[in-house]
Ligand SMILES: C[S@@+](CC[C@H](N)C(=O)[O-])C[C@H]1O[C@@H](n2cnc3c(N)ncnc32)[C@H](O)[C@@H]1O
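Let's start with one chain on its own, the form predicted on its own, as structure tokens.
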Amino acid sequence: MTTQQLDEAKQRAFTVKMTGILNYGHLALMISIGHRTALFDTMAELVPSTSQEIADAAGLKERYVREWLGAMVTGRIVEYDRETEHYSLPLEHAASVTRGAGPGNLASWTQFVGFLAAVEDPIIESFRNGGGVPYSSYPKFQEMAAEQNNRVFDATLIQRTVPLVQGLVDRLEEGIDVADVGCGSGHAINLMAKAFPNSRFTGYDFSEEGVQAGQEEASAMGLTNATFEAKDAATLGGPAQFDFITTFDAIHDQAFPGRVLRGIADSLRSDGVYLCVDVRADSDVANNLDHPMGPFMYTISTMHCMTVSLALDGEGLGTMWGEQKALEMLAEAGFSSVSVENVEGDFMNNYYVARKS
């Protein structure tokens, strides 16, 4: 038995780190408020202004805005001139916290802090007793996921993602059958249906709310080649009826991901292509030490993706299943040819282009 010697310098460094975690963990809540109230968007359009001027421009109460600005100033997000009592959002900061930044808007992700905190108690019960927290415990998830995904779809789907698959644009223009499994609110399906009117698009999702949102958007866009169906992805199977199938950050959420992948393979025609878009990571945690959003992703997994799967007695694959596991599972599902691609504008995901032969 050995006695471990306390490294005081290491202890002090870790205390500083913990202080930072406490500060920035709470700052994330305030950034979420800034996003949801459009305070960042408002400030990006203003010259340096007082708290009252900012509140008036945003249509909010000054006392709350002033206290929020205190967090933003001490968090080094907003700049403050003590002589004029003016606040300003630097252009360089606006590029990461405003809606105008598109996929670069990281402020929107801070909403997950408060969202996941609401299920902390049942998560702790799952730690102790097993099982998981059901999807029904996350009433805003569909809305929040749509906000994240739709920005990426608008910026990259038609211009960069679809052309990843050689010859696909020509086939879509001629007219083929396409499905998006786990389509969420259906925005990807509707964007493709609008861009390629000769092709036929079907969105599947087990959420009635998501299917309804997709149908409403399709109607608003005047689309006649996009349909949606409430369907458990695990029940997908033959006969082969699609030429192109997509999943966008959906496989790692599934209770039975292997079954879903096999169903996708069975639903593809012999010359069909499957595009699996999912979180870019390594399957070994030791290789994720430098992952830019590693702690965030493992937290999302623990408190949503993994636990929702386990609530259905599923496999609990988790958000960070990683590239090696993805390639292994795609091969087991019957995909003999898989290439791993990346898309500019989406630093979060790998793009697996898979064929059965």
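Keep in mind it's a predicted model, so treat the numbers as computed, not measured. Quick note: we count residues from 1 along the sequence shown, nothing fancier.
The discussion below concerns the form predicted in complex with the ligand, not included here.
Novice: With a cut-off of 4.5 Å between heavy atoms, is D232 one of the residues that contacts the ligand in the predicted bound form?
Specialist: So D232 counts as contacting the ligand.
Novice: So, G182 and the ligand: in the predicted bound form, are they within 4.5 Å at any heavy atom pair?
Specialist: Close contact exists here: in the predicted bound form, G182 approaches the ligand to within 4.5 Å, heavy atoms only.
Novice: Check whether D243 has any heavy atom within 4.5 Å of a heavy atom of the ligand in the predicted bound form, and answer yes or no.
Specialist: Flag for D243 set to no.
Novice: Heavy atom to heavy atom, is A145 within 4.5 Å of the ligand in the predicted bound form?
Specialist: Close contact exists here: in the predicted bound form, A145 approaches the ligand to within 4.5 Å, heavy atoms only.
Novice: Of S137, N225, S207, Q215, which one comes within 4.5 Å of the ligand in the predicted bound form, counting heavy atoms only?
Specialist: Contact check passes for S207.
Novice: Only one of A250, M192, L268, V279 has a non-hydrogen atom within 4.5 angstroms of the ligand in the predicted bound form; which is it?
Specialist: None of the other options qualify; the answer is A250.
Novice: Counting heavy atoms only and using a 4.5 Å cut-off, do F141, N149 and Q254 all touch the ligand in the predicted bound form?
Specialist: Yes.
Novice: With the ligand left out here, work out from 68-76, 94-102, 169-177, 149-157 which stretch has heavy atoms within 4.5 Å of it in the predicted bound form.
Specialist: Contact criterion met by 149-157 only.
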